[in-house]
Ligand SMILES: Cc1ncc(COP(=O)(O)O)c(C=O)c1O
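Take a look at this one chain, the form predicted on its own, written out in structure tokens.
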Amino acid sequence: MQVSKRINDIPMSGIRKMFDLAGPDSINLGLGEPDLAPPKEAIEGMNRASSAGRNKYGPTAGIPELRQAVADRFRKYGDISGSNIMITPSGSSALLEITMSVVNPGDDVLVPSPGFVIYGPHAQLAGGTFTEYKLTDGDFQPDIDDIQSKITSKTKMLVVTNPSNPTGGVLNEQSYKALCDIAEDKDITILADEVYESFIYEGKHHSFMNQLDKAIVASGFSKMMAVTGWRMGFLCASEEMMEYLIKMQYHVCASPNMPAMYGILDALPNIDPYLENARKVYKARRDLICKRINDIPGMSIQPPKGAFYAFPSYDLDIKSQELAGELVKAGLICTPGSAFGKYGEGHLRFSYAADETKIDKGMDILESTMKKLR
């Protein structure tokens, strides 16, 4: 049986590869999955909806009550209503649907490097190409000069992640304004991945929800409510663009998960105390992992301002894939920086969405492995 060229040309995620090599008792700091319990309102709401028979197809764009509730929560970032929101079966599918609705065969998409692993493949699935743009060292802001040097007549879309996976970088106001200016001047659509918006420890979130004339925002509930297995996300777009996105979603999935939508609807209005606690927990873990990393000779990190990833650099003359392989053999799962693009080389990604005991044990392995290799 033959497979399509479009899927054959796309590599398997470098994140998943490390799990195939790991032993059963390994310390897992490789996957960005919150270990906190979801809000009880979400669980109870989903169970109640399912028991009440709400298990049928729903509206393609999601139930109106949830679309409006999302708009009410995020209106602090822009003048949006329920008609600007579509509920999606995961943040990942929101990203794919946006790309498929914007990119034509032959178009080019600028993607951050280091950046999340699916942006480039999504461009390829849409028949386009992708070009990696650099982030600045240390604070991981988009390198505006590099972006401008890579814009061509084929550039159709610019992907921005804020806060960033894998770096934890948070967009500052200067970078935000520069990106908006580029989109305006060059008539390029911004795809803003804001799925980690709930987890910022210093600074403020600069959302593209107030730029819907030139931006489409993807976000989700998986990280916000620690319900990654529910696969629930949303996107925010202009009403004009929403017509096409809803059409695309119909052909992808018909409609999102009905009971889960009601669970999220029950939890969303009073989510702030839950998120305040989650940020407190993650910030303490961030401080722990950064201290442990900076205490290891040859490793360095500036504390990330958002998300729940540490992306330190190291000074060994060894590829990140090889170093991550040595750590897996020693019992620690992490992700090589090269999995996130060519400019991620020389780094490793650790998730601190794991408890302090696991972080400490993982850093013990990192310290001993680095010492052995040095």
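Numbers for residues come from their place in the sequence shown, where the first is 1. Keep in mind that what you see is a predicted model, and the values were worked out from it rather than measured.
Below, we refer to the form predicted together with the named molecule, which is not included among the displayed structures.
S.K.: So, in the model of the complex, is D193 in contact with the named molecule at a 4.5 angstroms heavy atom limit?
M.R.: Because a heavy atom of D193 falls inside 4.5 Å of the named molecule in the model of the complex, the answer is yes.
S.K.: Considering non-hydrogen atoms and a 4.5 Å limit, does the named molecule approach K223 in the model of the complex?
M.R.: K223 belongs to the contact set for the named molecule.
S.K.: Verify the contact flag for T161: yes if a non-hydrogen atom of it lies within 4.5 Å of a non-hydrogen atom of the named molecule in the model of the complex, no if not.
M.R.: T161 belongs to the contact set for the named molecule.
S.K.: Can N165 be called a contact residue for the named molecule in the model of the complex at 4.5 Å between heavy atoms?
M.R.: N165 belongs to the contact set for the named molecule.
S.K.: Does the named molecule come within 4.5 Å of a heavy atom in each of F140, K283 and P303 in the model of the complex?
M.R.: No, the candidate spot makes no contact with the named molecule.
S.K.: Of the residues T131, S92, S255, Q124, which one places a heavy atom within 4.5 Å of the named molecule in the model of the complex?
M.R.: It is S92 that has a heavy atom within 4.5 Å of the partner.
S.K.: Of K214, K186, K150, R231, which one comes within 4.5 Å of the named molecule in the model of the complex, counting heavy atoms only?
M.R.: Looking at K214, K186, K150, R231 one by one, just R231 meets the 4.5 Å heavy-atom criterion.
S.K.: If we take heavy atoms and a 4.5 Å cut-off, which stretch out of 200 to 208, 68 to 76, 141 to 149, 115 to 123 is in contact with the named molecule in the model of the complex?
M.R.: So the stretch in question is 115 to 123.
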